[in-house]
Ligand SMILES: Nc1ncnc2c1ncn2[C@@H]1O[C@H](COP(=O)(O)OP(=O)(O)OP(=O)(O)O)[C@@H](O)[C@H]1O
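Next up: a single chain in structure tokens, the form predicted alone.
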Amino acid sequence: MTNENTQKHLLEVKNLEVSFYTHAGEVKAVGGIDYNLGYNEVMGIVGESGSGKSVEAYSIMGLLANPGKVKGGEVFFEGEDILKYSKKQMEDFRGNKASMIFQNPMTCLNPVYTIGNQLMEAILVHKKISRQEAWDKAVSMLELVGISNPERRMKQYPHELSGGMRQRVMIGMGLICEPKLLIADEPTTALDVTIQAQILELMKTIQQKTKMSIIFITHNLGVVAKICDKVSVMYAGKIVEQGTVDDIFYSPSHPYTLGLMRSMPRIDASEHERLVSIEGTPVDMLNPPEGCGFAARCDHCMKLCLRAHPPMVDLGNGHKSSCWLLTMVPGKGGADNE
């Protein structure tokens, strides 16, 4: 069946809801999010810890562990709802069509197998090629991700490599089957600034060569500015603002996004300008608020914000934001309908 998603978007997420059912109750980790990812596009998903960034990514890859469960929604990949895939279809999807780079390579690489074995396994599972062909392709991939003396590295174990080299191996493992979608879950968090810059430059270069799409999950706005085309800002399990990198950095419209921007050091700031922190604590997702999740920490909170969650307001050219303040601006979709 032909679907317009196959023409416009590689990935389309519609009203995705994910919860964890614990002994204390239901933790509503993702509360109905929507976004599109185009072909050859890099989208950043930003937000503080606990906002649901990684959970939605694990849901897409079918990697949610118990007691997590996708409650509802649809995730279209080239027009097919992957949430309806069988176990065999999902195994073919992972690694072959979509791959994921995890946050800590030391815990994701198996310590008792060589780098070569782990890289070759990813190819042999999905491709009908000989072990020698798999070896040659793995060596080429290590060269591509900037690892020197790849033949030697193939025979080494993860503990024999530095943190930056292990992360490069993880990137190579994610790319080795030439997926159309790569999900990178904070892949540079544990690295020092110099290695982080190298990894980001490497990922951008490979993305431009292979034309794949990337979802880059991070809390670092500097990373977003360097590698992403557009951004989705998450808070309390919901997307509160979406737009291009320029929209988010130069025209932020949601109070949470504004708070993130004010808390980030700027090279054009005056010498003694202080950073402004976001007061308060994150939402308890066991007992989420009835209204806007950010209301308790927002300087512009109104009674309406506490009672109902605001709609997503279209600000034009794909820039959207979920805030009651925007519905009161004439021409932005809310005030005319009050």
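So that there is no doubt, residue numbering starts at 1 and follows the sequence shown. No experiment lies behind these values; they were computed from the predicted model shown.
If you look for the form predicted in complex with the ligand, you will not find it shown, but the lines that follow are about it.
For the ligand in the model of the complex, the listed stretch (23-31, 36-44, 290-298, 305-313) containing residues with heavy atoms inside 4.5 Å is 23-31. Within 4.5 Å of the ligand in the model of the complex, a heavy atom is found for not a single one of 11, 232 and 320. Taking the partner from the other structure, the ligand in the model of the complex has no heavy atom within 4.5 Å of any heavy atom of residue 281. Using a 4.5 angstroms threshold between heavy atoms, residue 262 stays clear of the ligand in the model of the complex. Put simply, residue 186 is close to the ligand in the model of the complex: some heavy atom of it is within 4.5 Å. Residue 61 falls outside the set of residues with a heavy atom inside 4.5 Å of the ligand in the model of the complex. Taking the ligand as it sits in the model of the complex, the stretch 36-61 comes within 4.5 angstroms of it through a non-hydrogen atom at 48, 49, 50, 51, 52, 53, 54, 55.
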